[in-house]
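Taking the form predicted on its own, here's one chain by itself in structure tokens.
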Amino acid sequence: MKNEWPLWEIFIRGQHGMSHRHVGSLHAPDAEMAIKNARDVYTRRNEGVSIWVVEANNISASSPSDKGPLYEPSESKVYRHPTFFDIPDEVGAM
């Protein structure tokens, strides 16, 4: 397994979207080849306008089991909630 190329995660931005979405993974020796392979594998119908590749071992993620402790601090910041502000009647419905 030492000779195996690194795993790359592939993100494509579609023609009608503003954000990239994860479409899959592939093995390639470097980023340039990963982009070329991703183009061939994931954009066969010219649906993409931009490709991002990220080497999988460079991705850090939180664990779903840590959801409580991870997001707990935001609950004490009431100023982040719109109920903290008075909205003038002239503004109408928001």
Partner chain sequence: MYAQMVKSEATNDDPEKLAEFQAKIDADIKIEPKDWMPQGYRKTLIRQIGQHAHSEIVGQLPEGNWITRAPTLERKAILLAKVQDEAGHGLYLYGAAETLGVSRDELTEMLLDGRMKYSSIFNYPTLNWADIGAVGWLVDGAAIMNQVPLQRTSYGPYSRAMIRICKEESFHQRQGYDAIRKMAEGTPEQKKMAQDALNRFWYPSLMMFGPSDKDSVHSAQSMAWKIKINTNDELRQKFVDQTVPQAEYLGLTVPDPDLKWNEERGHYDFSEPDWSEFFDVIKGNGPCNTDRLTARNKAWDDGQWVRDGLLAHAKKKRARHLAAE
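We call the rigid core the largest set of C-alpha positions that still match within 1.5 Å between the two forms. No experiment lies behind these values; they were computed from the predicted model shown. Residue numbers count along the first chain shown, from 1.
Not pictured, yet referred to below: the form predicted in complex with the partner chain.
- Mapping the unseen interface onto this chain, residue 52 falls outside it, with no heavy atom inside 4.5 Å of the partner chain in the predicted bound form.
- Although the partner is absent from this view, residue 57 stays clear of the partner chain in the predicted bound form, with no non-hydrogen atom inside 4.5 angstroms.
- Applying a 4.5 Å heavy atom cutoff to the partner chain in the predicted bound form picks out 32, 33, 40, 41, 42, 44, 45 from 31-54, in order along the sequence.
- After superposing the rigid core, the C-alpha of residue 44 moves by less than 2 Å between the shown form and the other one.
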